[in-house]
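Coming up is one lone chain in structure tokens, specifically the form predicted alone.
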């Protein structure tokens, strides 16, 4: 009796918290995706038109750029005001609009879905873009943060193909990203820009924006070519050789670029044309999610899972394991290179130092925080770590203590990540919930 009492007491608060979240989830489970997007749109419009007045009334110097986190960390006295702004402007409108109009949005979502599931998906994406555009339009910092977050989603998904779906451990993503960034930059600088390294533009600069997707594809293929150099020796054997070779590859690429004066050496390349607009980056991110999601749900994606679970058994079941791993590896590298091309044109400057160990740590943290073998998890991981990194920016070096600690806690309580091994069904997401 005496041994059981402490256990009952310790489980009480835990059960209470779990019960609260269960009831909360159950109460809002009838809200369809259309309702959530409409609620976020209402919150964004609320902030856009009344944000300055509310911030002034709460004693804040201006509308919080990133959900009030930076204001709270810079001045602790403003924490209650920033939290009040966050709850009043974001949480309450989203929850109120979503839940109060759930029946209306369910009927609307059902009507749109009956016309065509694809039409419904496109409509949801258009609404999502509208929300992001209006939210980011308040400041240039938000636009830049949003673009880098979208690029982070592409990088995380591409690494999850290798480390999650294929079950290998690759450290070469910063190298692939660098190859894509430099290849895309050289393409746009040589053809469409008057540059100090490459001289006069070969073609009219007005044509550049139309050829920008070609630059991104060239960046992707350059990264895939680099991946072939690793894949040929690595996949002849089994074990942890890929991790060692891919880490060496990352350092070789970085060192090679540092010593190539034709691309600026350690000083890097600048003056990339401003082609990476928000619609362009959003479009590439949606395309990346769609293609990777279809890839991992295809026969080849299932073969990758089989190789990960038991390579010998997959081989016995006539799966060409070496070919499967090479295709998966090159596919992941292609999207890392494409993300690198976008990154270079968002920042409009790249140098070798951008593609080192810190970049590798960031991408790995996003993959393992969000969850292995999961498109959901990659999106959640990339968005969470990107926004957390920006929110903790005032703490400078301390953010690289807080984020790893958070990752350790996730690894202890959820070893495979927050949302691991979950299939991403887009049609299920846009269906009505009644």
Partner chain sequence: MKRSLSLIIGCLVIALALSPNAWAWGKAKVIKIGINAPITGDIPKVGEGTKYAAQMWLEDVEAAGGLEIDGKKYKVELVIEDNEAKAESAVKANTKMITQDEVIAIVGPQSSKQAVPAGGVANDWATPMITPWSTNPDSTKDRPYVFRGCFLDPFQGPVVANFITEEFGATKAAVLYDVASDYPKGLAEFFKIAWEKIHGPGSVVAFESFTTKDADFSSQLTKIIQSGAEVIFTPQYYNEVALIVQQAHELGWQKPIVGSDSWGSAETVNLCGPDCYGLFFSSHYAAAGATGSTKAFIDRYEKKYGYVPDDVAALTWDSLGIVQKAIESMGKLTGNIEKDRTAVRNALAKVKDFEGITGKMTFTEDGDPIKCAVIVKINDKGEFEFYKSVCP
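Positions refer to the first chain, counted from 1. This is a predicted model, so every value here is computed, not measured.
There is another form of the same protein, the form predicted in complex with its partner chain; it is not shown, and what comes next is about it.
Although its partner chain is omitted here, in the predicted bound form all of 59, 144 and 261 have a heavy atom within 4.5 Å of it. Only one segment in the set 398 to 406, 42 to 50, 373 to 381, 25 to 33 has residues whose heavy atoms sit within 4.5 Å of its partner chain in the predicted bound form; it is 398 to 406. This chain is drawn without its partner chain; in the predicted bound form, the residue among 244, 202, 316, 83 with a heavy atom within 4.5 Å of it is 83.
Of the residues given (282, 148, 211, 113), 148 alone sits with a heavy atom within 4.5 Å of its partner chain in the predicted bound form. Taking the partner from the other structure, its partner chain in the predicted bound form has no heavy atom within 4.5 Å of any heavy atom of residue 168.
Taking non-hydrogen atoms only, residue 349 approaches its partner chain to within 4.5 angstroms in the predicted bound form.
A residue is said to contact a partner when one of its heavy atoms sits within 4.5 Å of a partner heavy atom; residue 308 fails this definition for its partner chain in the predicted bound form, lying far away.
Residue 335 falls outside the set of residues with a heavy atom inside 4.5 Å of its partner chain in the predicted bound form. In sequence order, 65, 70, 74, 77, 78, 80, 81, 83, 84, 87 are the residues of 65 to 101 having a heavy atom within 4.5 Å of its partner chain in the predicted bound form; the partner itself is omitted from this view.
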